[in-house]
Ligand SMILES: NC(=O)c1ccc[n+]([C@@H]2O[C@H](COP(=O)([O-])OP(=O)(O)OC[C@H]3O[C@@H](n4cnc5c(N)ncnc54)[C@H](O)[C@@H]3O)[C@@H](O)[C@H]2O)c1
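Take a look at this single chain, the form predicted on its own, given in structure tokens.
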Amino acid sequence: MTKPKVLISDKMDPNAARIFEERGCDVDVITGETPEQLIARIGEYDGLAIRSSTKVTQAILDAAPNLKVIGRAGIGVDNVDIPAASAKGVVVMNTPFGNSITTAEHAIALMFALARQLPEANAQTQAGLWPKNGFMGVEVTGKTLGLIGAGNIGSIVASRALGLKMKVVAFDPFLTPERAVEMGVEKVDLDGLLSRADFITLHTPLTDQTRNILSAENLAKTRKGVRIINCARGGLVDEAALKEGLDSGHIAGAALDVFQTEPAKDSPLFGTPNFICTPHLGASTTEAQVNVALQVAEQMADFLVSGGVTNALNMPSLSAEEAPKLKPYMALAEKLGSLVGQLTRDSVPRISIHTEGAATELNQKPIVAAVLAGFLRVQSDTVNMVNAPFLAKERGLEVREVKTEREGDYHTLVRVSVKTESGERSVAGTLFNNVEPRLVEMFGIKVEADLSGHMMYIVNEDAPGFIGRIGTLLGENGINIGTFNLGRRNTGGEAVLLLSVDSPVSENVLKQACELPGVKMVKALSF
């Protein structure tokens, strides 16, 4: 039997190659090639192990007829064309947890550097100025650290901060009160964090919900003298507003390891007093680079030799026999989870997945994982069906599975319910013709809709003329409606409207829709 052949195209710990060989793969280590050279070479390989230098484009995938798996030693996969890889049937893996401690420690290091103005003091001392009276720092002991994002890395930062005798407050929509107690932090809303924190550190992915979470408006809500650290993602902080805050003195200091545009070779923040920056070094320690290299080698070798799947971003953990039957159910489950996730902003301590009829005869784990992936992906850009259950457990999210073998109104049904501070909320869907996912119930209201593309969710009073008003509003803003999906509790009561539209709905259009008579809630959705 021919051994699988793997190419390591970026510099990686030498032990990665050893693991590939020990687990039954042939491996070549050829780094620093141009895209043209890689295109000429890649055709003979079954696996490609990369870090951040290699860009896996459509052209490279087209030249790789034998390629089965791409492994990214690290979290970010911006350098991989995942849709193109999926279309080619190539599995894309990453190592989402290998850099956690390193990134958390970098955030703590930057916090200390800000507190004691270490870079400036070092520069002036080495220049022979001996500025002993020129730098008056602050202690971190007894100060309040505001944590935006309390997942894997955020929880590590919290534990280190508590060891430094700091008080930690955390904002994270998915942080449950029980998990907050376990971590030793106080769960707060964003405004509460901004008004109380002496230091603010960000540990959340960049999503539509978190982009510019520290906007000019939110930075203005912070207490005077706040210090801000970002080792997570560029784009979480409005960099122009950050500079204004530093120049005015409202913000005492800021430290960025990540920028909106990278490499950041010409930022207006450069040279600003009390500003520290590093070139995306959060994962740059010897230990972290060894960990991610070993992990990606183990994952890829297991897949190529035995078919095991770990931390895949574009495929579930499935056997070949289960996949055809489960595929439409997982599509339905992920859409339902995504719908609940996009519409829920309260803390969610519990999520329940209830299957009825034919769905109960299938392997429930992929269905549950698909729901969790859809639900958590709203807040995490690295979540997938493999790591979603781990992330749910880490965040203290209780997951319940319920099966009802008898058939109800439908031959098969999947219901997703979440417990929130506002009460229990649920959505349900079925399969038409056993393959087409379809929403059939939403928060107790019967509705039939195909969840796909760009959509608007509207809750309004059931009254004549509303459909005409919303249609006119969208038309005036150049938004074409694909489908109308209506539902209501009773005549003249509360109604819901799901619209599929051909383009994203701007905040301005959402605001205009909210101002229409009878509208209670408007939300833009995407699937």
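Since the model is a prediction, treat every value here as computed from it, not as a measurement. So that there is no doubt, residue numbering starts at 1 and follows the sequence shown.
Here the subject shifts to the form predicted in complex with the named molecule, a form of this protein not shown in this document.
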Check whether residue 283 has any heavy atom within 4.5 Å of a heavy atom of the named molecule in the model of the complex, and answer yes or no.
yes
4.5 angstroms heavy atom contact with the named molecule in the model of the complex for residue 203:
yes
Please check if residue 257 has a heavy atom lying within 4.5 Å of any heavy atom of the named molecule in the model of the complex.
yes
Residue 213, heavy atom within 4.5 angstroms of the named molecule in the model of the complex:
yes
May I ask whether 194, 227 and 229 all come within 4.5 angstroms of the named molecule in the model of the complex, judged by heavy atoms?
no
In the model of the complex, which of the listed residues (336, 301, 153, 93) lies with a heavy atom within 4.5 Å of the named molecule?
153
Name the single residue among 425, 243, 187, 233 that comes within 4.5 Å of the named molecule in the model of the complex, judging by heavy atoms.
233
Which single stretch, out of 82-90, 293-301, 203-211, 449-457, brings residue heavy atoms within 4.5 Å of the named molecule in the model of the complex?
203-211
Could you list which residues of 79-103 come within 4.5 Å of the named molecule in the model of the complex, counting heavy atoms only?
96, 99, 103
